[in-house]
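As structure tokens, one chain now follows by itself in the form predicted alone.
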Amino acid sequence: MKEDGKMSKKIKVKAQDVNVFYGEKQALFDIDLDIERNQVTSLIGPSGCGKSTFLRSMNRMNDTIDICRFEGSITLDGTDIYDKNIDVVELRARVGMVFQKPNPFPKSIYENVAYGPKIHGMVNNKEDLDKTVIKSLKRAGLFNEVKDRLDESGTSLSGGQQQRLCIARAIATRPEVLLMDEPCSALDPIATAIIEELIDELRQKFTIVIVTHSMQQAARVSQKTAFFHLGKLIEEGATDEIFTNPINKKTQDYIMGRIG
């Protein structure tokens, strides 16, 4: 029993028997996966295999799709996030999200980051808000590049800077978990390298789950990797083990480029 206690302290998010349907079509089948705190977990697999659907289940973004139905349980620190008493707005403050395409609000750089803390009532005055904005921009590795133009539009930044602005916006509400849906797929190699370095720094403070098409990226940034195929979780484990010594033949075939 003691061992279980130790294990549970490490687990931040726990998915059990997760099935997701879009109308009649089933997108996820019986997913069981533990996400450990202060680690980066990569979700890999071919297009349409359920990675993003699973990611969006962790902050109930799928709720926004009328035909989507969820079965099973996902807990955050032991609390079922699909419980009818859960405040979804509050949940999304605790489980932040960064999307594939940088999507800054059509507002100033400052207002992009200030928006979340303001609507969640997390700051008492302008001084607190300034501190939160600056700290978030620093954590996202962007402050030095934008400190003299915080009043300029977020959309005036380069693609890589916009994505870091979106990361700053996501972490401004002090989430515990950060979900990233292919955060580098629209970026060039230099911007990608900056984001990857940032992910490694951010895991000291946050639990990160990243969907990526790039196996090289998964190998570089994550401690744990889960391989999805046709809506099923085929294999999961330590990243170096998954890439060098996979147990399942499908995982091996995907890594060797035989399926994808």
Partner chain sequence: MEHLSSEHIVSAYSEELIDLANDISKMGGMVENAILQSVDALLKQDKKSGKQIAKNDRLIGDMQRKIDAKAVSMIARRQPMASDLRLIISSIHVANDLERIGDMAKNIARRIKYIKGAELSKSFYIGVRHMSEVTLLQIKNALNAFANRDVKAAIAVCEQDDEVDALYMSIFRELLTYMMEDPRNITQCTNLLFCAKNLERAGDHATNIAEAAYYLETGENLQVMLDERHQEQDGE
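Nothing here was measured: the structure is a model prediction, and the numbers come from that model. Residue numbers count along the first chain shown, from 1.
Just so it is clear, the following notes concern the form predicted in complex with its partner chain, a form of the same protein that is not shown.
The partner is absent here, but in the predicted bound form a heavy atom of 216, alone among 47, 64, 216, 204, sits within 4.5 Å of its partner chain. The partner is not drawn, yet in the predicted bound form one stretch among 194 to 202, 208 to 216, 47 to 55, 227 to 235 has residues with heavy atoms inside 4.5 Å of its partner chain: 208 to 216. Interface residue remark: residue 249 is counted as part of the site for its partner chain in the predicted bound form, having a heavy atom within 4.5 Å. Although the partner is absent here, residue 243 sits close enough that one of its heavy atoms falls within 4.5 Å of its partner chain in the predicted bound form.
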